[in-house]
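To begin, one chain is listed below as structure tokens, in the form predicted alone.
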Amino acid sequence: MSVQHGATHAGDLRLETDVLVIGSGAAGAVVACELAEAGQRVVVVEEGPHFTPQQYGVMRPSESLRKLWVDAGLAFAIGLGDTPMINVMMGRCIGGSSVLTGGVCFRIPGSVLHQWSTELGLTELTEAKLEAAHESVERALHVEEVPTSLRSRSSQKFVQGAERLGVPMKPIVRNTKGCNGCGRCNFGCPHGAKLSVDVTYLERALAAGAEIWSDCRVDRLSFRGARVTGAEGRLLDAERRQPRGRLRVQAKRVVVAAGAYGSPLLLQRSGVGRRSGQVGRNMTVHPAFRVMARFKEPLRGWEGALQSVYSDAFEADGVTLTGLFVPPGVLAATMPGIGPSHLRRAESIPHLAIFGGMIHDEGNGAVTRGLFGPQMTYRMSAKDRHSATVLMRRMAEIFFAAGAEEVFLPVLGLGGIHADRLPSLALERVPGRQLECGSQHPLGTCKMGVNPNGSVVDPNGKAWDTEELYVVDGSTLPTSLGVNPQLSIMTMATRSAWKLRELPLRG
């Protein structure tokens, strides 16, 4: 059996199943696989299209953005107060964002689990109790350490500067096998080396008898009293993504796994979670900033693993530093200047090194149904705003220690700076709206908790005040993680799936 395309299905589509999974990304794929392999009938519906690795592997970055990302990669969280606009990148395809990440696989940090299990009362979320789930995902994804040989010269330069300043750097672990360091991870691996869920968990789910449908937009959940009975929506055409036939799925149990953006919107449209008022709130995003540096010698930083090293040396400041690079064509499009000045900047790309940093934020964002469609807003706390200043200054210092001639901070209009200017640069006074900021990690908008008045789902992911409705994705994480969340989301989904397969299905 293979993925079926709603875009080519004639007429309306009606399905009946034991378990309906809405969303085919990191969490939905895990749940579908585990339940199908346990003998349950499973249907997965995904709003986005389906492309095979052979298809997305040859797409130009611009084509990948247009076809595989939410809003073609141009979704933004509107900054409130002293907060930048944040470009929030999210996948919209079979396999979800796992197809489009750098493949970084961190476990849920022990300090985070300690907070969840003690301060928040989620007593089952400890390192010991999640060990089996962590191990299960790591085996399925072939999580391995990035070898030193795959470090780009961009990353090597940053490591050299860090060593000179006594900042420890560590190798990243990723879900790869046979990576050749082409650096295209964020646009779909062209060599099949990244073991995203479309080629791992979803393949297993299909082999176990699950049905997976692309191009199926779920508009609302169906209920009989407090018990969910399925979902309704529309099939979408392949090109313009406009509604075609109607979609109706009848199910004994529904698992919502549409991510921290899609899941709260679906619950809001379906009238779920009104009691707590928390649906769509508490969004964390790991606000991320990249710093570039120009060196005298050419580095060709795109040659090597996209992400190979990181540092948690500034964890006390709420900051994690993470290696990255982007394809030269994409980088050129983002460089400052117009006409000849832009051309001069673009010509310097072979000499550039890039490193990134993200903030372990406090969760002051929201996803709502606005007057003109869904919108995200985000307000940076004073603590997080300070962390952004620490992040930029530390990365600049490291690049200068590595011998950079010029550093480009993510401050609009600032231009390049030299080492002698950095100490006097008042970064803490730069208005938030002048900062360039991005995110690929929205979390927390249907957060888990032990009190129905202050959370959206219970400790097992069941939506309060409903029957047979579960939310299992990054939206349920009760706080920010401070690390890339892919493995964390999949571990939590594994835990939920193991619990669900033991629950009898009601007729």
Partner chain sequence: MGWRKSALAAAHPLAKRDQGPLGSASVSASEPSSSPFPLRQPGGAPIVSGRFLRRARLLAEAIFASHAGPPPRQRLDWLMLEAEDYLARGGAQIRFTLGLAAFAVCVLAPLWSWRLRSLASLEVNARVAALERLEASPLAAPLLAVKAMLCVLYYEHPDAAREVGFEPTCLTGPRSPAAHASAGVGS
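The model shown is predicted, which means the values in this text are computed figures rather than measured ones. Numbering follows the first chain given and starts at 1.
The next section is about a form of this same protein that is not shown, the form predicted together with its partner chain.
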Joint contact, Leu80, Gly233 and Met392 to its partner chain in the model of the complex, by non-hydrogen atom at 4.5 Å: no
Do Glu428 and its partner chain share at least one heavy atom pair within 4.5 Å in the model of the complex? no
Is Ser111 close to its partner chain in the model of the complex, meaning a heavy atom pair under 4.5 Å apart or at it? no
Counting only non-hydrogen atoms and a 4.5 angstroms cut-off, does Ala38 reach its partner chain in the model of the complex? no
Can any non-hydrogen atom of Leu500 be found within 4.5 angstroms of its partner chain in the model of the complex? no
Here the chain is shown alone; which of Leu265, Leu122, Leu150, Leu206 has a heavy atom within 4.5 Å of its partner chain in the model of the complex? Leu206
Single option in Ala401, Val199, Leu422, Val173 placed near its partner chain in the model of the complex, where near means a heavy atom within 4.5 Å: Val199
Out of 156-164, 103-111, 135-143, 338-346, where are the residues with a heavy atom within 4.5 Å of its partner chain in the model of the complex? 338-346
Listed by sequence position, which residues of 54-84 have a non-hydrogen atom within 4.5 angstroms of its partner chain in the model of the complex? Gln54, Gly57, Val58, Met59, Arg60, Pro61, Ser62, Glu63, Leu65, Arg66, Lys67, Asp71, Ala72, Leu74, Ala75, Phe76
